[in-house]
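Next comes just one chain, in structure tokens: the form predicted on its own.
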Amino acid sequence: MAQKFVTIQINGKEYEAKEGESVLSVANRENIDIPALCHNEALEPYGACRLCMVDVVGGPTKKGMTTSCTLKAADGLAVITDTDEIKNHRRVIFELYLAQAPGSEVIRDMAAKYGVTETRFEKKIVPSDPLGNKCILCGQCIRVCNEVMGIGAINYIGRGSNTRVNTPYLEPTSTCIGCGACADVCPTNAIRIEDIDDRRVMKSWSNTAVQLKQCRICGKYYAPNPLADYAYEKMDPQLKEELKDVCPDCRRKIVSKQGVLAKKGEITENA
């Protein structure tokens, strides 16, 4: 089925968009500045950070302020991204984040860009915080672990002002596969992961340690065991046996050698 395109207005100027794509995606593509922290293309938008608010002023959607990451492009939709009300809203949100995550350089730099360098709210500083006082509770790490990877090693724990993200009971978990997807989607660089000898240590997740797989050719540790097994299971077609348990460098050498031999006619490329 052919993709339908629509015309929307952002700040009085018309843009073409795919019907149903988010207004934030259109704005990003057109280099229109809308701040956002919880938006990631790998996850369904849900408007957690509240920074990407726009004012809907026309079209089939209800008028008023709403999050642009959840607002779908529709023919005739018109929005304003920088009204005085929205600017004030963003300043307050940035102040809250400066208090919630005072350890985050990302938050400080982002807030400063919008003229916010101080907060009237009490800063939440916990010296022993495994997330370095950088977490804004956006939930992206939880969502990618649960919804994309299907693992569920971390979640919200505690209630109210004591809510945080970590493993159940703040104990190392055997569920984690050490993929690092949580760190990849974290907007504030709060998650610490370190490879130490033959283990990947999830420093932020109660020091959960995941055994690394050792390359059977060069002996180098190159990926978490459960992650490699997870990847092998998902592959279609399946990885050739000769390429399993082999680090990327050695794998490239094997494939390159096979390619050379195939050109010489000594083996077939599918061997």
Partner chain sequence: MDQQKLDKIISRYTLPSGRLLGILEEIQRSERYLPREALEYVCQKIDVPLSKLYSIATFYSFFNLEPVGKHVITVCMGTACHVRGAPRILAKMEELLEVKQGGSTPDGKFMLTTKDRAFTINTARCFGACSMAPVVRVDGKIYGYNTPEGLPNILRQYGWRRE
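Residue numbers count along the first chain shown, from 1. Every value quoted in this text rests on a predicted model; they were computed, and no experiment measured them.
Beyond what is shown, the protein has a form predicted together with its partner chain; the following relates to that form.
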Heavy atom distance at most 4.5 Å to its partner chain in the predicted bound form, all of F5, I10 and L24: no
The unique member of T117, T83, N155, N189 whose heavy atoms fall within 4.5 Å of its partner chain in the predicted bound form: N155
Of P168, G76, P102, G180, the one that lies within 4.5 Å of its partner chain in the predicted bound form (heavy atoms): P168
Interface stretch in the predicted bound form with its partner chain - options 125 to 133, 190 to 198, 158 to 166, 108 to 116, non-hydrogen atom within 4.5 Å: 158 to 166
Non-hydrogen atom contact I151 with its partner chain in the predicted bound form at 4.5 angstroms: yes
